[in-house]
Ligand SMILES: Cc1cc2nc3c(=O)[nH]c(=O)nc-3n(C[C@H](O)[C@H](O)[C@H](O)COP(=O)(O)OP(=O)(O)OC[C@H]3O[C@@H](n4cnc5c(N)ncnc54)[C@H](O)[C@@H]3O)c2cc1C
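Only one chain is given next, in structure tokens, and it is the form predicted alone.
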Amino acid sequence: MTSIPSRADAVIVGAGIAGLCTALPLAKAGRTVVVLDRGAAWGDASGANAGTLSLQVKRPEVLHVTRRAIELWQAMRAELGADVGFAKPGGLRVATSEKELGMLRGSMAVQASLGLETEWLEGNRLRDAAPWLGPSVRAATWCDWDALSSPLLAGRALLAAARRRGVTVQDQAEVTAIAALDRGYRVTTAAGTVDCAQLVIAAGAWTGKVAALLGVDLPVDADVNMLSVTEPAPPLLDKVVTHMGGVLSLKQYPNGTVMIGGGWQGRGSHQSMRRETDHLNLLHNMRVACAIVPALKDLRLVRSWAGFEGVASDALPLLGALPGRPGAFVNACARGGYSQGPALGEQMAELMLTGRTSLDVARFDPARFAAAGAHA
């Protein structure tokens, strides 16, 4: 087991996409960094998600962040010197009912007002672009920004790059206490104690629990998202597919496997540490998938699983300094945090290094909750 240094410039709690993408630019700037994880690094939400990097499904408030993140994902292979399974085939956001058609047109208009141009496809144009779609699909918007990556490959690459940069990544190091020092914090864990000048909470679903050790209340809950993967198959779909109703994500990887997600909820909670698939919801997920891409009916599922995703009460990221806690920050709970992770990590590191960010992230300031919830 790697020993924790007694001192570091920065301690980051959470070794998922948020924590590692914060650690790398800090280390690149010459800071000593320790990343702690309560379990296995990359073992919770980051390692148990669908890998969809879809821009057009994101809320208007995070479009600029997601766009920047996709740019960083695209550059990641060269930056890290390792494959992260990135591809940018573009994506279709489909509608299957009159209500969804109206919602899709409304979303398209909002996105256009924010500088994201998508293309409306229906009739022969839709069938020519995606002949593999089922007859229930009435229209779709096309976005050439929509992309994908492999969480398995990305986790390996980010962890290896962090360690090459001198970052200490410590597994099985749940934080049990945080004490304020004259300048910084003393972080006590199951694997040892480390003092730091700056502290970042990037603990996903456990962010609220860690913040409470600093006397700050953050309204954080967790989704228990389910995912499934099929056996390898010949090429079936050549684009990322999402659903206007928010009940489906589909993509086929180069090895032929198809990843099926869509936010269908499993059972359990992060408080109980229980996460398991809900068979009825899983069945609904598969029915929707097969209606959208009928060729999926001929494939066998290899595995289905559930993973936690931390979510703030307004479903927007928590990114910024913790009020009244000098040198303490939070970078967590972005719905779709895997896709936004590189950009949110970049902004977090900029804030810690310079006191400013290159993107407008004021809307995500944890003070929107913590100012009222902080206590001594």
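Numbering starts at 1 and follows the sequence shown. Remember, predicted model here, so these are calculated numbers, not experimental data.
Missing here is the form predicted in complex with this ligand; even so, the following discussion is about that form.
Proximity of residue 204 to this ligand in the predicted bound form: non-hydrogen atoms within 4.5 Å are present. Although the partner is absent here, residue 225 is a contact residue: one of its heavy atoms lies within 4.5 angstroms of this ligand in the predicted bound form.
Looking at residue 52, you'd find a heavy atom of it within 4.5 angstroms of this ligand in the predicted bound form. When contacts are judged by a 4.5 Å heavy atom cut-off, residue 39 counts as touching this ligand in the predicted bound form. For the three marked residues, 61, 317 and 369, no heavy atom of any sits within 4.5 Å of this ligand in the predicted bound form.
Only one segment in the set 42 to 50, 25 to 33, 346 to 354, 320 to 328 has residues whose heavy atoms sit within 4.5 Å of this ligand in the predicted bound form; it is 42 to 50. For the partner-free chain shown, 173, 174, 175 of 147 to 178 come within 4.5 angstroms of this ligand in the predicted bound form, judged by any non-hydrogen atom.
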